[in-house]
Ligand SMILES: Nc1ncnc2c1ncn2[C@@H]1O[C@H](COP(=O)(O)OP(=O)(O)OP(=O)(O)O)[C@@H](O)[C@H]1O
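In structure tokens, one chain follows: the form predicted alone.
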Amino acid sequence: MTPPIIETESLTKRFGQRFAVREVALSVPAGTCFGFLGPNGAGKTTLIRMLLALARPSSGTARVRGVDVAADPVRALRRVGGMVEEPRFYPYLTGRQNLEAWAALLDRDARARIPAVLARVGLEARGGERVSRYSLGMRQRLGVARALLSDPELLILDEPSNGLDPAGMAEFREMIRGLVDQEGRTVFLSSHLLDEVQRICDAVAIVNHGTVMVQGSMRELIEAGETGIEVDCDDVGRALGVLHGLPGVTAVRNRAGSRLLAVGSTTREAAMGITRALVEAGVGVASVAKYEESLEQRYLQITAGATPSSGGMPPPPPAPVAG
């Protein structure tokens, strides 16, 4: 079994008596896109800074590529690219010149990678322009290009999609999936764009108040929420009685208008059984559709609660606050 590319144990960062990150245990599988989510002030950037050796933990450990980051940051981060918050560049230089300046600090092959990474982020035609003329979205793309110069196994990105328009978001999504699926890299990203995270990521962790509330595969997280079959029919009262009596239906919810949600299985067989029962009872059925809560709905439930969700792999309980 391939070891995780990122693994933390009881990782904690305090500023005085305030915990920014508290007893975090993360396990990020290699070759995946992993989303790291949480409200502003939840500790996401602080944890990313510890993974990149930009901050030292107060206690606990963070291992990247199997190496303790605090003990040996050079070896741990040898093939790791990162972008924390909004990337900074020399505005009077072109995008290509900025990458050349960064490549000079890396291995001898980094400069030769510049055309490829500019193409990878969709800036090959704009690399000769001064960065002062770049939009926020273009600077974000250039930040990803800079992170790719080291040919990383692991790419750590903090809010990488800021400033991208819808077309740019689609290109960004395709780029990230290409890095994972075609090139075998691991991408660890934080973002507030939950719909995009649901489309891009294989697994996710949700953090609140410095504590990981839940982590696991995207499928585990979604399936831990409410799922079922939604029906649109012409007789809600009669349909309620039929649905309540069906095996496998654990509850029935009234939805907008003439729609009902039969909470339970979302299989094709379950949908066919519900449709058959309603039609046999004389209920006209306009539509039948699978229903599952979105990542946004699950995120709001988890971050609003005080205890970890049952979905995914639960973290250890938080340590008490000293004081």
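The numbering used is simple: start at 1 and walk along the sequence shown. On a predicted model such as this, the values are computed, not experimentally measured, just so you know.
This protein has a second form, the form predicted in complex with this ligand, left out of what is shown; the following refers to that one.
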| item | value |
| --- | --- |
| Candidate stretches 269-277, 290-298, 24-32, 39-47 - the one whose heavy atoms come within 4.5 Å of this ligand in the model of the complex | 39-47 |
| 4.5 Å heavy atom contact, R130 and this ligand in the model of the complex | no |
| Exercise: H192 in contact with this ligand in the model of the complex, heavy atom 4.5 Å | yes |
| Partner contact for E196 in the model of the complex: this ligand, 4.5 angstroms, heavy atom | no |
| Contact flag, I302 vs this ligand in the model of the complex, heavy atom cut 4.5 Å | no |
| Sequence-ordered list of residues in 207-223 near this ligand in the model of the complex, where near means a heavy atom within 4.5 Å | none |
